[in-house]
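Shown below, as structure tokens, is a lone chain in the form predicted alone; questions about how it binds or moves come after it.
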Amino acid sequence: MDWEVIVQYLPLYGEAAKLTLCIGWMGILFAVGIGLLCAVITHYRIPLLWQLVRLYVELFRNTPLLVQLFFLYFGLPKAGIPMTAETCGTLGLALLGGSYMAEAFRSSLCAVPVMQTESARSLGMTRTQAFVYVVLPQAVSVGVPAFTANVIFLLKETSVFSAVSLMDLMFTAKDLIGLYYKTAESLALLVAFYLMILLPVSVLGSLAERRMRYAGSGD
């Protein structure tokens, strides 16, 4: 292991990590919004929309992100819809993530007893108020583990962004290996940077789950 090479490569990996995090978290943010909207539509079985949501979820959960990125990056321009690599990465991750988040949020909403909504309505709350102030907080506490797992999964999926010429961590590692044949050093830095990105998410998710469980126990 050549430590001088590792020190030399650090700035390159730092820039790649910034891009990976920027696009990754933007995609996850949009995925949360898409997933929550889809979960509400499915949970309350809004006519026509919930069938479309089920189709979307099944389509994106059962096709690889790489295939979706190829369609967005190479297919849409053929239809007159040009797209930059950054936009493609963000949109692809958002659509994939939205399908997984939708199922996680839906299962969390289903875990809240119906009597909670009925009790809130009997106190004079509207359906929207009951959802926002009674159902949603309970669903959030139940859904923390699934949400954390999905965030980690989506951040790991950013490794395929290099297929659409994004200068992310994987692209940087493959580029340096191809140019200088420093395989061990390049892969060691790749693993180290992904650990630095993913471990804090895992730890924070575990702490949030523990806190929610403690708060729910009433101790």
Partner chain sequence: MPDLGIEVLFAGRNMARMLGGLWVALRISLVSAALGIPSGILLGVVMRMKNPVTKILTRLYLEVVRILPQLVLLFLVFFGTTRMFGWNLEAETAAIIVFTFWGTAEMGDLVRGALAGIPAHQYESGAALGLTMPQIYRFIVIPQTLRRLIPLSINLVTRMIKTTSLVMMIGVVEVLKVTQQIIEANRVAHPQAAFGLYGAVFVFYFLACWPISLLAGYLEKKWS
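Residue numbers count along the first chain shown, from 1. In this text the structure is predicted, and so the values were computed from the model without any measurement.
This next part talks about the form predicted in complex with the partner chain, which is not shown.
- Using a 4.5 angstroms limit between non-hydrogen atoms, Leu198 touches the partner chain in the predicted bound form.
- A residue is said to contact a partner when one of its heavy atoms sits within 4.5 Å of a partner heavy atom; Ile34 fails this definition for the partner chain in the predicted bound form, lying far away.
- Contact annotation for Leu190: at least one heavy atom lies within 4.5 Å of the partner chain in the predicted bound form.
- The partner chain is not drawn, but in the predicted bound form it has a heavy atom within 4.5 Å of Gly75.
- Of the candidates Leu29, Met167, Val67, Leu52, Val67 is the one whose heavy atoms come within 4.5 Å of the partner chain in the predicted bound form; the others do not.
- Along 77-100, these residues reach a heavy atom to within 4.5 Å of the partner chain in the predicted bound form: Lys78, Ala79, Tyr100.
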